[in-house]
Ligand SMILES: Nc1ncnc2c1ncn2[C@@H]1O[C@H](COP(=O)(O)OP(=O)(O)OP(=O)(O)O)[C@@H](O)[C@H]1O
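This document opens with one chain alone, in structure tokens, the form predicted alone.
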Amino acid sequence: MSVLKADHLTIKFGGLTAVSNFCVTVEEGELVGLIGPNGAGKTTTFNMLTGVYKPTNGKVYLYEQDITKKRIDQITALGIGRTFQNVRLFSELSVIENVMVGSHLRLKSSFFQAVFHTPRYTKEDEQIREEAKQLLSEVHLDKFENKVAGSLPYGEQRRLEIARALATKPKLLLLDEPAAGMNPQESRDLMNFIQKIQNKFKLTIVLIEHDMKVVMGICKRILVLDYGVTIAEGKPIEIQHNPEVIKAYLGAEANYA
């Protein structure tokens, strides 16, 4: 079954077409890469898929349900989690509190019950805390549970952001440049981490990434954007040897040995 379908997504800002006729169908269990030079429209595409931007034309479907006009919180509740190009943690909160924020979407207590800490809210909050502890254990961040998020090493902050996205219980996870700013060892660790959480949580994943070793190492299918237009789609080996891709983006990075 297809998890995600983008049908001719186009978005214009004034007279500029940022993304033109973007189409993709992502099947359950896939790990798909979206690459392209800076300004190619990759993050803009993610923003359309998650409701941050409403496309000028086109539709977005999640499990065949049209979600194009839904709000961000509604889309998250339906099963799309994401991270961002720049780490967006609540840096003054603890690690566990950051993960709990991701779970609050599922709270059934009212604002009144939360303010006055009614028994129902207290019970839900305790359950969410236990779930957050379990999640931190599963992604090997439990030793940092009570540390301030902003004090973590950069690579661990990236993993924490992914853990917070996992707390929303997504079916589809969108990762926006998860390896940005990482050294080669951290990137290798991240590749293993992504593959482990995909298997553990039975996720379908789409990721944007500039680190070609990460993309080629874990993605089974890759789409390439250039100036908002999809110029290639295929398996990693096909993308590596595609003349248009090499000309538009890869250049000297085309050797991945």
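A residue's number is simply how far along the shown sequence it sits, counting from 1. In this text, the rigid core denotes the largest set of C-alpha atoms whose superposition between the two forms falls within 1.5 Å. Because the structure is predicted, anything quoted here is derived from the model rather than measured.
Quick note: we don't show the form predicted together with the named molecule, though the next part is all about it.
Partner contact region in the predicted bound form: 39 to 47, out of 39 to 47, 24 to 32, 190 to 198, 62 to 70, criterion any non-hydrogen atom within 4.5 Å of the named molecule.
Proximity to the named molecule in the predicted bound form holds for none of Phe90, Leu93 and Glu186, with the criterion being a heavy atom within 4.5 Å. For the chain shown alone, Lys213 is not a contact residue for the named molecule in the predicted bound form, no non-hydrogen atom being within 4.5 angstroms. The shortest heavy atom separation between Glu177 and the named molecule in the predicted bound form is within 4.5 Å. Taking the partner from the other structure, the named molecule in the predicted bound form has a heavy atom within 4.5 Å of a heavy atom of Leu16.
Although the partner is absent here, Gln85 lies within 4.5 Å of the named molecule in the predicted bound form, judged by heavy atoms. For Asp211, a C-alpha deviation of 2 angstroms or more is recorded between this form and the one not shown after rigid-core alignment.
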